[in-house]
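Alright, two takes on the same chain below, each alone as structure tokens: structure 1 and structure 2.
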Structure 1
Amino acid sequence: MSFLQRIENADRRWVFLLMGLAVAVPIIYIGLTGKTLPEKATPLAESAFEVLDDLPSGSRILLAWDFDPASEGELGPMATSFIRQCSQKGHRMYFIALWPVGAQMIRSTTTKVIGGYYPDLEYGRDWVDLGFKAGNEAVIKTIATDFRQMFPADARGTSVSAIPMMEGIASLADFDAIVNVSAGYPGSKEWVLYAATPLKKPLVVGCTGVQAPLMYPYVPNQVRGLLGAIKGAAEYESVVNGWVREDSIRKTLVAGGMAESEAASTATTLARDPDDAGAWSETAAAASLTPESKAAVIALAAAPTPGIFLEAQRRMGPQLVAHLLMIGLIVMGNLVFFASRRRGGGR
């Protein structure tokens, strides 16, 4: 029996075994090594990052978490990266939810990111949880003109008049950008129709793969940045992680006495290739820093990214290998089919 005939008559259970290995091996490898596959960000993911990055520190960002635990695997990494970028940039974050379980998602993501990595951020001055409000798109229509009618108090029951960062917030027009992480209705489309379009506010959307095609027509006018499914989350995650490392190095260099322009270029170099940190520490520029600052820069360049900010990239590993296997099997199946026809074995 020839090789092609063996392939043609192979037991389908071998295909199931290969697919199981294609999923299991990347999971085991990534789990043991902590390494993830590189991600090339698309313009949509880069635009999502740039909307928040271009705003000055202290800008007011409304973050609407319209998803639940069922879609957290796909949308959770987006939510954590949005918070990380806003926290690192110094934006003021206002969290709301139009989904009942969205309030739980707010507590979960803020606890993990702000509580774990930005403990210096003060509740009520740097971020606030305004909780869930029932009413679907009616909530958006109302807060477009009267924010406090729908949100008179935060999720803890504190009156918004007693929360310092709520001063000057009367409507959606007072926010500098809107970020929506959505798993369905109400969600991205409602924010486009009743907020981004009439108010001309920058809107960044992170949504499930099913929703993403519905959002493409709104790019780039109403939707300035779009993250679709776990792939979009992985791309945005990689951009934010690289920028946070670079920004942290830059701030440390400036605090150590280096000029801003030189610190920016040095931070970019070290963030892209952490292996250069050892050689850089022997340069004249590094010699001008205090030993403490120099050690901090080297540590930042070499420090691994916390696992919480790699979840999307980790999940892309088995997905990529499984998809490559499927493509390979399709190609092989067609080759076998046409070879069989050529031998006269089929029509």
Structure 2
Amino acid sequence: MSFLQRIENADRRWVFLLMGLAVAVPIIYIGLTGKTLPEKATPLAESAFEVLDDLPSGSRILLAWDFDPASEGELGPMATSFIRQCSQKGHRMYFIALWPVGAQMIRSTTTKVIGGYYPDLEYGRDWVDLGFKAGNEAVIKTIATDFRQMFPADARGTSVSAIPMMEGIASLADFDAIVNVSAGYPGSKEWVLYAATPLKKPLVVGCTGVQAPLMYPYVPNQVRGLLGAIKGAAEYESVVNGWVREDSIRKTLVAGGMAESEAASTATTLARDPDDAGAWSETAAAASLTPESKAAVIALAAAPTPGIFLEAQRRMGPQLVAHLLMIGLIVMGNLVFFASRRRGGGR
């Protein structure tokens, strides 16, 4: 039996084993070394970032987490990055879920990001967890005109009238933007049809790879930013990480007494080349800052990005090898096909 014939008759479990290795080996390698592949953001990821970045601080952002643990591997990293951008920017975040387990997703992502990295954000003033509401798209249709009918209390049972940041929220129209992370139905399509289109609200969508092709027709009019699967998440994550570093440095410089415009340009330079921070602290531009401020800036520039904000970029490694394996399998499958056709036994 020739090699190709053997391949043709091979048990599919060999394919499973190869795929298992293609995913496991990079995961272990990245876990041990901490190295990630560089990311270059596409315009879709950039516009997702810009929608939230262009809004003034304190804007009201509705974050709808319509996914479950099954898709958390694909969607969790973009959810954490969305919260990170909103928290850093100072937006007010309103979390809701149309999936029953979405409530747990809200809880785990907010605990990780807000609890871990933005503890100064106050519940009820800066963010609120309104929990899950049953009814699929009927919920969206109702809150488009009457928010409190569907969400009279938050996930902790507190009446929304006792939550300061709920003041002035009568309907979806009162939000400045909607962010939806979706793994299926109800999800991004329903948010486009019943919220973004009729209310003309900026909508940013993060969705699974299989859903992404269905969302492209809505870009850019109904969907302003689209993150498709882990690749989209990795691009967005890299943009947010860069910006957060830059913004933190800028804020420290301004707090240290530097003029806003100069602080902005310095922060951009230092965030791009953290190694220059030491040399910069000796320059005349840094002279006006106190030693503490300088030390804080150098520390911020060199500080490693926390692991939870690198999850998407880490997962791109296994994705690369798995995709290459897929290409290899397809090529191999075709070689087998053509060889067997030449022998006259084409399937």
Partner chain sequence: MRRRLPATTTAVLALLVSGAALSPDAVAAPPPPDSVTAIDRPGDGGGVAEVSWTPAPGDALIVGWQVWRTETDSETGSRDAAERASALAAAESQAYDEAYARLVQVEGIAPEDAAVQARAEARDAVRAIARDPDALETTELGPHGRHWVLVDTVDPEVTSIEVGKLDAADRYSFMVYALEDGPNGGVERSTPSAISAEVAPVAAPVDLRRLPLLVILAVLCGAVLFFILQARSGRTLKIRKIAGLAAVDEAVGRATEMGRPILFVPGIQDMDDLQTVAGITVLGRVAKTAAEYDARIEVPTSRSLVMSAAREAVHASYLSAGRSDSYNPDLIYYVTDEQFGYTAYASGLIVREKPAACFYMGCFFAESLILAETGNSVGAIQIAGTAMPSQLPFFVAACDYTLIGEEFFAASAYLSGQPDQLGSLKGQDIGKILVGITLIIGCLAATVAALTGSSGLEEAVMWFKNSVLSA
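By convention here, residues take numbers in order along the sequence of structure 1, the first being 1. By rigid core we mean the largest C-alpha set that fits within 1.5 Å across both forms. None of the values given here were measured: they were computed from a predicted structure.
Chemist: Quick one, which of these two is the form predicted in complex with its partner chain?
Modeler: Structure 2, not 1.
Chemist: With both forms fit on the core, has Ile30 moved 2 Å or more by CA between structure 1 and structure 2?
Modeler: Where the cores coincide, Ile30 still shows a C-alpha shift between structure 1 and structure 2 that is 2 Å or more.
Chemist: Is Val321 one of the residues whose C-alpha moves 2 Å or more between structure 1 and structure 2 after the core fit?
Modeler: Yes, the C-alpha position differs by at least 2 Å between structure 1 and structure 2.
Chemist: I need the hinge angle between structure 1 and structure 2, given as the rotation of the smaller rigid body against the larger one from C-alpha superpositions, in whole degrees.
Modeler: Smaller part versus larger part, rotation angle: 28 degrees.
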